[in-house]
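Listed next as structure tokens is one chain, alone, in the form predicted alone.
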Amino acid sequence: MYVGIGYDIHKFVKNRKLILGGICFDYPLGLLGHSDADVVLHAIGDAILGAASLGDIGELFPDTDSKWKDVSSHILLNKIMELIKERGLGINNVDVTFIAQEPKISKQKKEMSKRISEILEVEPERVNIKATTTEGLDSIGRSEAAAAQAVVTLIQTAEK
């Protein structure tokens, strides 16, 4: 079994859609980034890459490459999945913590889990989504930013 940890943070801005876990939220602000800035999928992607010893999202999809400008993060995660499949690896389990004062995601957690499980080609029960705040502290606590942490375990699915 292989274990990886991922983390991502982006600041909130006007005139952007808020995408979390591949789901579009009805929220007046979005996250600023080169891609769609989906902190949840970015944290998962980095955790997968870490578990497979394949670097990080910034190396594979640099913000200096216009090819990735405004791209949907599920496309990045699909590409990451192709890389681990080439190594004979698959997803065992995903545990994500979304960190923000707002928006509250409790009503969308199941939908997020389902969407993530579709991208990762695993059962929804293998994807756990949690949320927490920073109790009003720091940029997240002032609702200036949102972040996510993810832990992923990979298993060998085929010979390399």
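The structure displayed is predicted, hence computed values, not measured ones. When you see a residue number, it is the position in the sequence shown, counting from 1.
Keep in mind the form predicted in complex with cytidine-5'-diphosphate is missing from the figure; the text below concerns it.
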Exercise. Contact between Asn128 and cytidine-5'-diphosphate in the predicted complex at 4.5 Å, heavy atoms?
Worked result: no
For this session: Using a 4.5 Å heavy atom cut-off, state whether Ala100 contacts cytidine-5'-diphosphate in the predicted complex.
Result: yes
Exercise. Hey, in the predicted complex, is Thr133 touching cytidine-5'-diphosphate, heavy atoms inside 4.5 Å?
Worked result: yes
Exercise. Does any heavy atom of Lys109 come within 4.5 Å of a heavy atom of cytidine-5'-diphosphate in the predicted complex?
Worked result: yes
Exercise. Looking at Val94, Ile105, Ile57, Leu120, which has any heavy atom no more than 4.5 Å from cytidine-5'-diphosphate in the predicted complex?
Worked result: Ile105
